[in-house]
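Heads up, the chain below is alone and in the form predicted alone; it's given as C-alpha cells.
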C-alpha cells in the first residue's frame, strides 16, 4: 500500500470550507483520475469516482462517502480595520483566540484572531470562555486599506500548517474529514488491479458540516444498493475517557445502531477479525452525526454503514489522528469491495418474512 502521507498533507494545506470546496476537490480529482473509470462532479460540486464492474450485467452498486469540506470562519462586519466573525460549521469559540488565519478576500491576507484584553475590561472575562461576539480578526491593515480587499461574507480559514508527529500520528486542520478521504483513496489504490464484481462510487462530498447536503444529493443521484459513510469519531484524551471516546491508533470504529444496517455491521466486524485489524464498536443509538444519516434515508432507503477513525482535538486547527488507522480503514473497505458480488449481496440482505 502506498504512503498516503504526502497526499494527506496536500489536502490539509487547502481550506475547502463548506460550500467552497473547489481547492481541495482539484487535488482529490488529480489523485483519483487514474484509479477510476469515470470522474464526475455533481451539481453541488461533490466529486464522484466510478469503478465499474468487470461485466455489463447487472451488479450491485456500493457508494462510499467521505466528506471533503472543512469548518471555518466568515467575515461578518468590518469596523475600524477589524473583522467581526461568524462560523461556518461548528467551532468552539474557546479554541479561537490566538489562531493564525488566512482571510480570503480579493487577495489572501494573513490575520490573527484576538479578543479585548481582560485588563481593559476590569478583569471581568478572565474566568469565562469568549463568545463569537467578543472575537475579532486583525490583519494589520486600516479600514481604508481593506476597503477594496475584503467584504462581509468573505471566508477565513485556519492557517496552521499540518505536521507529522512522532508515533505515527499527523496533526492539522480539516483532518475531519480528509483523513477519511485519504483512507478512501488508499482503498481505490488497493482495488485498482482487481476485476470487480460490483460497481463502486467513491464520493468526496460537500457541505457535510452544514447538515450532510452533498451526501443527500449525491446518494439520490447515484441510487446505490448499499452505502458507507467514512468519517471520524472522538479519541480518548485528557478529560475525555468515557464510553463516547476511542483509543487513538488502535483501529477503526464500526458503527452499531439505528443509522447502521445490522447485516453490514456484522460483515464489517467479521472482516476486521479475519484480516486481524483491531476495531471498536461505536454505539449509535440514534443518529451518527455523519453523511450516513442523509444516505440512509435517501429515496426508498439505502442500507448504510458508518465507519470512523479516532480523532483527537476535533474541530480545532490541530486535529490529530493515526496514519496506521487510515491505512487499516482503507484496507478494510477494499476487502469488503473485493468480496462483494451478486451472491454475497443477496446473502447480506435476504428478505426476512414475519
Partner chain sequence: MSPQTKQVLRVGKAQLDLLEELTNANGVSGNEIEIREIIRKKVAPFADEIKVDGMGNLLVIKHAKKPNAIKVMLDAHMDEVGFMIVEEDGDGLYEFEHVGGGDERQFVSKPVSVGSQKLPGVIGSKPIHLASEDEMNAVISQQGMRIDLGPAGKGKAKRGDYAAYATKFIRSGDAIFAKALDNRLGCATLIELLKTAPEHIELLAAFTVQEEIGLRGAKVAAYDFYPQMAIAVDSTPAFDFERPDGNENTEYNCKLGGGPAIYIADRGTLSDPRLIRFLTQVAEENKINYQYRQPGGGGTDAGALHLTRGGIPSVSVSVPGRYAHTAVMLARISDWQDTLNLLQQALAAWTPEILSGDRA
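Please read these numbers as outputs of a predicted model, since none were measured by experiment. Positions refer to the first chain, counted from 1.
Keep in mind the form predicted together with the partner chain is missing from the figure; the text below concerns it.
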(request) Would you mind picking the one in 271, 112, 281, 196 that has a heavy atom within 4.5 Å of the partner chain in the predicted bound form? (result) 112
(request) Have a look at 129, 275, 258, 147 for me and say which one sits with a heavy atom within 4.5 Å of the partner chain in the predicted bound form. (result) 129
(request) Although the partner chain is absent from this view, report whether residue 140 comes within 4.5 Å of it in the predicted bound form, heavy atoms only. (result) yes
(request) With heavy atoms only and a cut-off of 4.5 Å, decide whether residue 328 touches the partner chain in the predicted bound form. (result) no
(message) Taking any heavy atom pair closer than or equal to 4.5 Å as contact, tell me whether residue 80 reaches the partner chain in the predicted bound form.
(response) yes
(message) in the predicted bound form, does residue 316 come within 4.5 Å of the partner chain, counting heavy atoms only?
(response) yes
(message) Please pick out the stretch from 262 to 270, 196 to 204, 182 to 190, 86 to 94 that is in contact with the partner chain in the predicted bound form, where contact means heavy atoms within 4.5 Å.
(response) 86 to 94
